[in-house]
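Consider the single chain below, provided in structure tokens and representing the form predicted on its own.
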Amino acid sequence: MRLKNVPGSKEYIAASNFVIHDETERKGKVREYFANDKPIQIEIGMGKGQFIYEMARQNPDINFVGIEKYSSVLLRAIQKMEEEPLPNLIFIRMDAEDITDVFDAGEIDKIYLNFSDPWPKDRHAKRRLESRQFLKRYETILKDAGFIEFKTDNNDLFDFALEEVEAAGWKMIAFTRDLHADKKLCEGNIMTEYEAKFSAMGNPINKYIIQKP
């Protein structure tokens, strides 16, 4: 379970140069922080940043933005960047519901959703990052034919996500219910903190890749 309160974390984040602080006032200008024309990919709900940090390290020709709403875990990602800074990675502390207030239409090339909160109660379905409501938001900020990659060990959430893909009219590119046994989809796979934990427990990892309609 993620810690939601670490004393001083908000102040630490507010003083960090690795975080975009005026995100809603700079809609459509995220590229200015990288000062280049490279593609931009984002991870929503990045946790401590293990996945996106490694993605940025391995892919210097792509710009990455890590999004996390909990200060306590974003703090850990910032500390990692302070130890080993990467020029193609920056963070935003925000709620995913506000995504279209921060990124402009067609600004993003790809979105990663890794081990999202399943929000198990039916009345909270629209809060799930894989819901049709969120897919509509992603459709706005993604470039034409942009992609989403989603991983989870929660089978109920994955079932729900598959249904939402069809309901929202997105194109299914590939999916698996056992990522680590799928040689093609697992090629080059970078594990998140949760993925390493859950797979070590023997939990199969679900994944899909979908494309903007």
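Model, not experiment: these values are computed from the prediction. Numbers for residues come from their place in the sequence shown, where the first is 1.
As for the form predicted in complex with a small molecule, it is not shown, yet the points below apply to it.
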Mind checking whether each of Leu135, Glu139 and Glu164 has a heavy atom within 4.5 Å of the small molecule in the model of the complex?
-> no
The small molecule: the contacting residue among Ile108, Leu86, Leu75, Met94 in the model of the complex [heavy atom, 4.5 Å] = Met94
Look up in the model of the complex whether Ile42 has a non-hydrogen atom within 4.5 angstroms of the small molecule, and give yes or no.
-> no
Decide whether Met46 counts as a contact residue for the small molecule in the model of the complex under a heavy atom distance cut-off of 4.5 Å.
-> yes
Flag Asp117 as yes or no: does it have a non-hydrogen atom within 4.5 angstroms of any non-hydrogen atom of the small molecule in the model of the complex?
-> yes
Please run the contact check for Tyr194 against the small molecule in the model of the complex: heavy atoms, 4.5 angstroms, yes or no?
-> yes
Out of the stretches listed (156-164, 32-40, 61-69, 181-189), which one is close to the small molecule in the model of the complex, meaning heavy atoms within 4.5 Å?
-> 61-69
